[in-house]
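So here's one chain in two forms, each on its own in structure tokens, numbered structure 1 and structure 2.
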Structure 1
Amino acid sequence: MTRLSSKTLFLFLAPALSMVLIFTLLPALWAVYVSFTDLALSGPKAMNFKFIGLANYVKLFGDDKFRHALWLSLEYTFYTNLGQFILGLSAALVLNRRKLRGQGFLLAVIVLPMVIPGITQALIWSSMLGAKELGTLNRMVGLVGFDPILWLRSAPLLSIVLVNFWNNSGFAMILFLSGLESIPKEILESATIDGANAWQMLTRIKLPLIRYVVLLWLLLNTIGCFGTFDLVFALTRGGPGNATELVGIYVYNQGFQFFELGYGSAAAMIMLIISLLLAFVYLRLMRVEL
């Protein structure tokens, strides 16, 4: 009786697995097929679509807008990772092993944007990044003597990267903090006795010891950046022009603006392959037993 009979096992697992199968796995597999066709969302090609082999993929790599989207996603990923690493690590180092007044409050504040829905983040930041001297960010840079900038027009990438620093540094911080807290005290004490300074402590002891957590964060964040849609779409809808058209937004636009399901699916495939490769590395690192 301690073991589940195979019938019960199937009965228990089937509902959950079939949901995932129908709404996640099937779309992924279907996307593979659709990416080799000229299927459209409406019009004649919605019904009479045909198999066109690799044509979508060939077209894709000659498509400047797609290359732009891919490159933009890479840039976005690079800058957000860099900034979050510095901000998240600094905050984690400061909050780790120090008895500071208001520590709990500060931790809470940094984590706060993580619970705020993406659409309201976009609303909030449309005022922050507002044009002319009235936008909150422009008023702030005005205080230190800079001229107002049309953030979303002249520095669109910087703007969305800045919003990402704001809403996601907390994630990096709590992961790094958990890593730092698991470093045995004795190691740090003996290093202090040996006369290591703060920088040496960080680069020779702390970072090597939490490299595992850092790598996990890096992979998760990179996958997240490649899938980014909500906030950037709501804030800029990919514009101005296509200055913030990340891969996710590009795929959405191909499907729902231009109705090119086949072509859009080919773009989605590239995205899926990148995500799966990163995810695979991540899961191997987690040492999920197979």
Structure 2
Amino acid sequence: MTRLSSKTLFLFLAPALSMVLIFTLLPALWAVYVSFTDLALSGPKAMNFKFIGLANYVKLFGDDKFRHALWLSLEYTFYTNLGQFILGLSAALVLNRRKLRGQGFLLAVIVLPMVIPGITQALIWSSMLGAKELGTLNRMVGLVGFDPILWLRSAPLLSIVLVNFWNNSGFAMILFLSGLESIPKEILESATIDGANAWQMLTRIKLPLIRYVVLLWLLLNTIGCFGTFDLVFALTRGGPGNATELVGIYVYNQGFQFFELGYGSAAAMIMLIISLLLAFVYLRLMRVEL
């Protein structure tokens, strides 16, 4: 088989590269430019906008709501990562045991949410967390004698964090399980002979050996959680008040509710910069040279 020439390879890649250019790179560059303007979605500035430099960014850092949205996003990301790590690692350790019954069923239960579309997930959880006796979760709570709870009002941030546990713990489990399966059996057998208990085996052998897998998952999951929009918007729309107004919701509100596209784009750029900084930290921890 002859090798394909560089021109032929580029010809095959051209359609995909064109899609990336048209639907990713050009809109991103336009958003960067718009963040330095006073472009609005309606009104006089929709057509006659002007370049205003760093004014949007100066306004952002003086905006208490934006700082609140940043803190909420970081808090949401931290708790989501912590919960998914515990659930994903626990499931991976259970599935890593060869003689456990029901492995296939457990794997299907954990992975199933990953194939459900986001809007469908939101509808399912809207029913689960519904107010008063109409919510499935309140019906279950009522069976043991507790009064109905307004989940999305009394504990809105906790509710969306728990929903995300269910949605994405399967991704953590798959990565962790692949890492555990790659550990040589000789190492585990030697540790067992040396008298290592289960906790020592986990903390001193298994986790250090799969640390790069864990960091890769943290990189992907942190960026995904920090930019979360669809699920939170469908469940709470950032409410009640601004209790769940993450940065993604804040950007949407500024651009499409208050019609300030320039200001909303500036907030999106700050979110992008923070995501890149987090990615850089994880990559350095993985000792990957940029």
Partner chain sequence: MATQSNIMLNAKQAQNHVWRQRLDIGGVYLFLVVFSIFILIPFIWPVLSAFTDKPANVSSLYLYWPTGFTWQHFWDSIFGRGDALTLLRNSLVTTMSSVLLALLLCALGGYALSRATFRFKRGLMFAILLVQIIPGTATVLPFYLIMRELGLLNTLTGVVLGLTAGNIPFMIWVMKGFIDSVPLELEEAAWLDGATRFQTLSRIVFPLALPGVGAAAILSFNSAWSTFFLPLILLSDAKKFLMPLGLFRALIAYTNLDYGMLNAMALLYMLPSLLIFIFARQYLIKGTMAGAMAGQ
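Structure 1's sequence is the ruler for residue numbers, which start at 1. Rigid core: the largest C-alpha set superposing within 1.5 Å between the two forms. Everything numeric in this text was worked out from a predicted model, so none of it was measured.
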item: Label of the structure corresponding to the form predicted in complex with the partner chain; value: 1
item: Threshold 2 Å Cα movement between structures 1 and 2 at R139, rigid core reference; value: yes
item: L25: Cα shift of 2 Å or greater between structures 1 and 2 (core-aligned); value: no
item: Per-residue Cα shift, L13, between structures 1 and 2 [Å; core superposed]; value: 3.2
item: Core-aligned Cα shift of A279 between structures 1 and 2, given in Å; value: 4.3
